[in-house]
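Okay, here we've got a single chain as structure tokens, the form predicted alone, with questions on binding and movement later.
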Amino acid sequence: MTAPSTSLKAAPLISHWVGFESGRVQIRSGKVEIGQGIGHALMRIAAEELEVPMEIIDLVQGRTAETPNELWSSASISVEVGGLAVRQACTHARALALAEGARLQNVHPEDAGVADCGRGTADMAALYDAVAPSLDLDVPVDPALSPKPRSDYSVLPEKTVPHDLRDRLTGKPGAFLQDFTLPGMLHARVLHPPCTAGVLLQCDETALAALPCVRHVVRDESFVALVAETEHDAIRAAQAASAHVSWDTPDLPEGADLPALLKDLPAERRRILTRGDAVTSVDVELCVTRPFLAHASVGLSTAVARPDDKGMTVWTQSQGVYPTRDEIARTLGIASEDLRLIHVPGAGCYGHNGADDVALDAALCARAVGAPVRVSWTRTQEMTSAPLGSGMMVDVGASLAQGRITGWTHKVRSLTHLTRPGWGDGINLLSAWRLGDPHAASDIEDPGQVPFGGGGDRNAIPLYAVPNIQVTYDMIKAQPVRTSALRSLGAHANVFAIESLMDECALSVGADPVAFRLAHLEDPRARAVLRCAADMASWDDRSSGGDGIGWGIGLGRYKNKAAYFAVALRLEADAALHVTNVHCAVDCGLPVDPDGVRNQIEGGIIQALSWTLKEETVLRPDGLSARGWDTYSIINWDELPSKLEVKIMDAENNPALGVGECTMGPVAGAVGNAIRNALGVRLTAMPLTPQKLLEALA
């Protein structure tokens, strides 16, 4: 029997997930669309389990008044957990519908099928329509009922066009939150200090109100917003406002020397894993770092709020509409039931950016002026006020004997990777801290390895079979800058460290990097993806390197319990570092939407290359170094690999696993290893830039 989805705890009834009305099927999910294709995947699951065409399915996602509470769309579990809930609910609904159909036709259920119609998709749709008036779906989902095996899938081809693709490509009004409008809607900009710890010193409200086109000034202690008739007017007003406000802004610590900064901040040591004998000395060791990273979404964080006689409705791009609703309601002093949050897709971010904060900003403005208000952040606010991905330092070492690793140490030091709304007892919304009656943020606490797979220590435990292992996590609870979830959390730096060390160990014993990894791998699925990626790249026939062209390999299993991913890539090192070829294999169990899996993997690879080679923001006493696109580099179109191959492993008899974050660490490791192969030097401080390469070669 398949274990019940954990999402069924909060929403146990079939009717929480599935409904039939007027010839259509409604599927409800608390998992939201952030560019990962979860909506299309859920519709494919429902179509196969219910045996109906996708065209009659209506998907409702992320509405606190209508959909199940599934907390956040995060951690690459939307398919694994949310998809499983939909699958189990649909399996039970189909069984009940067949039984009710048999009863209405006065035949034995085993003989019923769909009676005289033969169980085509149109016939099943007709069955659901016929039995809907008498079908009782207010019963708990029975996870003991077996979903259809993959071999029985017959409704959909491997590739189907997402239901919302046309709207997105054509820019249909409302397809993205940034284009969402309401009748009578006003526009606002919130004035934020240069850093999140800033306090308002002086504010000339009379002068602000006198600015051209300003219709309202909303002020509550250090929260200040300017409301105007149009978006353009709101932008102009915010640009002119700086002359009339001043902030007390504390200096940030100097962060140009990232290891020194992280070591200076007090930390709490946690022992993550101790296995075998103590490792008292190592033969190979590295210290790698990952800088602070911005979300750098192209679209700005945006929200729309509308007060009404029942409370308020907020349209948001939040990844967790229920947790954010509850914290906004507490800030406003109203019951959660009087606040409705509706998710609308915005710019993808894969983590905790400003989407939740701006939802509260819009609610505060709408309540103050008594009208619908849309608030968008500025590019500078995106870079300086939204949470960052934490800077990290990882010390790894290995002892060797007779060509094998006998001992392994892994010490990671990092700020927190989780301050989302809903995490802890406080209120993790920026403007809530600035009100006259302020609300405190939650105490800083990273998620543990069980069940969340860790935060800064995510993937700190090596995948390889080593008899003696010591893994510790020095968690920094101070927040000189605001940090929180960013795609893969600590896995990006931890797997980079592990895969870099594996190559150095292989080199030290004169072994091929792939063969050396295979010698230390017991998991057959990990071995399979590694072999596959190497074969795709013709690994055994590659050049020996050292001439500016190198090949690198990287492997990981996300959270050590989710999707397996291996990558082999080719890199050219001259005036720039350019990854030209990427060959990768992913094992995600049953691929619900194979085309969606490829899309996710390709996008993840590109973002991992951008993080590893380009992205960085540095703490300086006067603020963060990155305040816009001119000071924060991301990968450009002309820097993308010319060849990118994705192989989905045949593992469809295993449960479905999410693939949104599995690429980040292995790609970073493979890039570092390719540079080492190309020019014989090991770069350990991301981003791996040509300047650092020149310094290493000097």
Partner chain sequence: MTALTVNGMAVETTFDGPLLHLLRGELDLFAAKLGCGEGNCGACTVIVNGQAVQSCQTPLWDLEGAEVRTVEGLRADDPVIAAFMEENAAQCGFCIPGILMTVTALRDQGKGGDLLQTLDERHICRCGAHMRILRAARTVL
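Positions refer to the first chain, counted from 1. All of these numbers come straight from a predicted model, not from anything done at the bench.
Below, we turn to the form predicted in complex with the partner chain, even though it does not appear here.
For the three residues L252, R269 and S484, a heavy atom within 4.5 Å of the partner chain turns up in the model of the complex in no case.
The contact residue chosen from D326, D283, D395, D595 relative to the partner chain in the model of the complex is D595, the criterion being a non-hydrogen atom within 4.5 angstroms.
With the partner removed from view, the residue among I634, V60, I56, I648 that has a non-hydrogen atom within 4.5 Å of the partner chain in the model of the complex turns out to be I634. Taking non-hydrogen atoms only, W423 never approaches the partner chain to within 4.5 angstroms in the model of the complex. Looking at Q607, you'd find a heavy atom of it within 4.5 angstroms of the partner chain in the model of the complex. Put simply, W247 is far from the partner chain in the model of the complex: not one heavy atom of it is within 4.5 Å. For I235, a non-hydrogen atom is located within 4.5 Å of the partner chain in the model of the complex, even though that partner is not displayed. Proximity to the partner chain in the model of the complex, taken as heavy atoms within 4.5 Å, picks out 177-185 from the listed stretches 177-185, 466-474, 219-227, 549-557. Residues K159, V161, P162, L165, R166, R168, L169, T170, G171, P173, F176, Q178, D179, T181 are the ones in 150-185 with at least one heavy atom within 4.5 Å of the partner chain in the model of the complex, listed in sequence order.
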